[in-house]
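Encoded as structure tokens, the following chain is the form predicted alone, with no partner shown.
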Amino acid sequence: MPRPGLAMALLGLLVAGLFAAALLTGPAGLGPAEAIRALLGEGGAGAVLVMREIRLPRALLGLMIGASLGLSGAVLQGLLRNPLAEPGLIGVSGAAALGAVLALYTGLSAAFPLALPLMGLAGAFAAVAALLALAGPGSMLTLILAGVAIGAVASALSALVLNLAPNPFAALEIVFWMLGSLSDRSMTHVALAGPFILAGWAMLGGLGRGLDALTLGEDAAASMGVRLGRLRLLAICGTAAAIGAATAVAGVIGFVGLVVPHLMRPLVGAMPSRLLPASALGGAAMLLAADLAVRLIAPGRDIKLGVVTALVGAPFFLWLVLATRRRLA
């Protein structure tokens, strides 16, 4: 029997613990007391620099991006009534990655470091404009098909850019960025992505009741006063803002948006109004834990975050496909 209140409290404690662990973990050898003093601006200049410019932005981005992935995945699964839906389904992450890849390919990222996340954001919002133009006011199936088409085009163009990379070093830089990572991010990246992520949360966080009604079908939801066009627009734009900004600063991080809502349903139930906040907390916990694993398992090898989430998420995805097949048999 799901106990949503207890589950939310435990998830909140888990996220707080993982966030604290992210701040205290690293090769600098700072003790907890010294790390807290440095975070408050006290102590040596080196310790303050490590805490405020390296560990804090990495932990903040892990929390924000993980929450965005989990929340967006839960919203899209509720909107499309498809348990296999995830943020990449509408093509936003692929288009954001394409924008960032173009910044690397053209050399703009070397001349102007913020060109990479800015072009990533531009790619995400271009994908939203194309998605709304293609899907129009049609059915959810039209929306899915348009998103898949946009994602396929973006992936093909990214592969083309990689193929045309002027030298192996440029190609390697593009590949490493596309694998996703939170390392070497600063408070500038937090300030750039933060407003878009918060705007995405604001649009997605209030969709729970509308998605609750949608579980009964589109006709039933409309009869209950739900404006389906507005619901769909907020879901798409909120996902675009949050996931586009996340991809622009951290690269492509897959499977979190797919896996987390399924992990949260046994804890809080299947009603979207309960699932959305739980998925946001679950996504934050999963990404913070994955980033800690990256730092602890092989600190000198720079394992990419997207690799870890894929290693966790891909087997779960296969299990989900088999479970769905057995249920439909």
Partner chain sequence: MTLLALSGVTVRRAGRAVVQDAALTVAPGEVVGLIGPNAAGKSTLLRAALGLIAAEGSIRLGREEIARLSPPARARRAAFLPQGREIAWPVSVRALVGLAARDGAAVDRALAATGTSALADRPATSLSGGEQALVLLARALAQEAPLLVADEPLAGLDPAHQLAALGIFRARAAAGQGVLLALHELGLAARHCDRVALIHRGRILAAGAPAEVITAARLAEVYGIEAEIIPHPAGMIVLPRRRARP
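Every value quoted in this text rests on a predicted model; they were computed, and no experiment measured them. Positions refer to the first chain, counted from 1.
The protein also exists as the form predicted in complex with the partner chain; that form is not presented, and the subsequent description refers to it.
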Answer option from Leu114, Ala133, Leu216, Ala111, heavy atom within 4.5 Å of the partner chain in the model of the complex: Leu216
Contacting member of Thr188, Thr106, Ser139, Ser223, with respect to the partner chain in the model of the complex [4.5 Å, heavy atom]: Ser223
Segment that reaches the partner chain in the model of the complex - one of 98-106, 188-196, 148-156, 206-214, heavy atoms within 4.5 Å: 206-214
Partner contact for Arg37 in the model of the complex: the partner chain, 4.5 angstroms, heavy atom: no
Non-hydrogen atom contact Arg52 with the partner chain in the model of the complex at 4.5 angstroms: no
4.5 angstroms heavy atom contact with the partner chain in the model of the complex for Asn82: yes
Contact label in the model of the complex: Leu56 to the partner chain, heavy atom within 4.5 Å: no
Gln77, Arg265 and Met271 each touching the partner chain in the model of the complex (heavy atom, 4.5 Å): yes
